[in-house]
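Consider the single chain below, provided in structure tokens and representing the form predicted alone.
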């Protein structure tokens, strides 16, 4: 089955809403507000439409990735998430295809680092390590092993600073 990655369109929103709800419905780590998060991120100044991606198989949307802009210190970077894949498509590389496509686009846009809050058992295969190992710190109260970063350019090894989110996110 061939997976096609493309940008989301407003016509996709209803299907993405259902996908995100379904993908996170049985996740132990979910608080059930991932779709609300998607809507808040789309409405924020950090929204990067070039990095709102869907994965299709046989014309059906089976995965979704939203990547937004943040800063680390004064350096622009991106934040990955949420990443959602329908249960029927999990284990087929859909999430990985979305992440790789997101990284490629972010790199082409000039971003050097990506950060995310995720499970340490999944994201290291895509180059993510604890953000602190790159000198990146967050004010979020999360376990160090779950706040991760990944360099998007060859030779990028450190990016000292605290992650700053857009003011409208309400994260100080």
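It should be emphasised that the depicted structure is a prediction, and the values quoted were computed from it without experimental measurement. Residue numbers count along the first chain shown, from 1.
Same protein, other form: the form predicted in complex with a small molecule, not shown, and the subject of what follows.
- Put simply, residue 123 is close to the small molecule in the model of the complex: some heavy atom of it is within 4.5 Å.
- Heavy atoms of residue 107 never reach within 4.5 Å of the small molecule in the model of the complex, leaving it off the interface.
- At a distance threshold of 4.5 angstroms between non-hydrogen atoms, residue 84 is in contact with the small molecule in the model of the complex.
- In the model of the complex, the small molecule sits within 4.5 Å of a heavy atom of residue 94.
- Residues placing heavy atoms within 4.5 Å of the small molecule in the model of the complex fall in a single listed stretch, namely 110-118, out of 110-118, 66-74, 137-145, 41-49.
- The partner is absent here; in the model of the complex, the one residue of 16, 23, 159, 150 having a heavy atom within 4.5 Å of the small molecule is 23.
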